[in-house]
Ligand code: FUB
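Below, in structure tokens: the form predicted on its own, a single chain.
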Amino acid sequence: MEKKSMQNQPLVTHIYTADPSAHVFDGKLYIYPSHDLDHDGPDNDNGDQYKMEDYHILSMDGIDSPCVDNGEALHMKDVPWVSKQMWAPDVAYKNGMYYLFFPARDKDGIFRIGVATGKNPAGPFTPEPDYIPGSFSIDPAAFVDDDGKSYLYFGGLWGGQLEKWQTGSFIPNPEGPSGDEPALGPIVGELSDDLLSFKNGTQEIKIVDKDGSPITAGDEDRRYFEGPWMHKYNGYYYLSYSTGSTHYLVYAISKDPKGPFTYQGRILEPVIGWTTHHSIVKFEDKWYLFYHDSSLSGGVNHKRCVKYTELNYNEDGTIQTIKPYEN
């Protein structure tokens, strides 16, 4: 009997999962999603419907192997500074330790990024007592480069509060860039050797078109919104991200992990549900896109499910656009 492929199918159905960060550790796939709680509250642009409180780590021995839920790895009650909303996480491995990076609101309702450590990629993780100094906003994505330098990418608009930090301090009701002004980019900071702090602060990443002009705030098909991810392919750094309101996953490339990055095109067309958030990983000599949609709940935006599909490159290094519901 032919083995059924898991591609474009929910990896688990007993809980709602989203925002998958996929990694290969010790020859095995580990997926670090956020955990959508099952509730019937309304949606809004501030993201109040995303009431996540903990993290469950998923794992797969092979790309079509059963997906295992390894149980609760970290809960907000164990993190002293957190008040609510533990959103999309990521993990890095260095120094014989696994580092779980996660965003959450502090006691003042401001999103910060925390870190927890563990000896096992499936958890459990022990959180540091406070968030990373100088951190803000959401969607941390960790990247350990070939030279051993480590970076953290983060930032999301609207509910993710990125536009509230344009001056370097938190402003509750700021004016964002106008439509013809450069869009806000994600933030990057090189991490200290122990991955618990930033070495020299953080900086905004510039995303430009192929003529070198900044992508503007009004260019909602291409501008940065949230969900940064970094991977490397053929000597280039690939920064991929969500456009938010137009529901695309897109990417830009650079020879420098801090940019500027030149926009290239779309990775994934819109999925069922408002948000789109992803990761890209090489496993057993093939590349895969991990993403989520709301198909498991019939389209409820805060009841999502994690999926994956194969990702293919053209000879020139561009990524072939994926249409998720076409065979």
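For clarity, every value in this text was computed on a predicted model and none was experimentally measured. Residues carry their position along the shown sequence, with the first being 1.
Below: the form predicted in complex with beta-L-arabinofuranose (FUB), not depicted.
> So in the model of the complex, is beta-L-arabinofuranose (FUB) close enough to Ser294 to count as touching (4.5 Å, heavy atoms)?
Ser294: no contact with beta-L-arabinofuranose (FUB) in the model of the complex.
> Answer yes if any heavy atom of His277 is within 4.5 Å of a heavy atom of beta-L-arabinofuranose (FUB) in the model of the complex; otherwise answer no.
Within the cut-off, so yes.
> Look up in the model of the complex whether Ile57 has a non-hydrogen atom within 4.5 angstroms of beta-L-arabinofuranose (FUB), and give yes or no.
Taking the distances in the model of the complex, the answer for Ile57 is no, it never comes within 4.5 Å of beta-L-arabinofuranose (FUB).
> Is there a non-hydrogen atom of Leu29 within 4.5 angstroms of a non-hydrogen atom of beta-L-arabinofuranose (FUB) in the model of the complex?
Flag for Leu29 set to no.
> From the candidate stretches 184-192, 214-222, 229-237, 137-145, select the single one in contact with beta-L-arabinofuranose (FUB) in the model of the complex, where contact means a heavy atom within 4.5 Å.
Result for this chain: 137-145.
> Just to be sure I understand the contacts: of Val281, Ile267, Val271, Met52, which is the one whose heavy atoms reach within 4.5 angstroms of beta-L-arabinofuranose (FUB) in the model of the complex?
None of the others qualify; the residue that does is Met52.
> Select from the listed residues Tyr251, Trp87, Phe125, Tyr153 the one whose heavy atoms reach within 4.5 Å of beta-L-arabinofuranose (FUB) in the model of the complex.
Of the listed residues, the single hit is Trp87.
> Mind listing which residues of 18-43 have a heavy atom within 4.5 Å of beta-L-arabinofuranose (FUB) in the model of the complex?
Sequence-ordered list: Asp19, Ser34.
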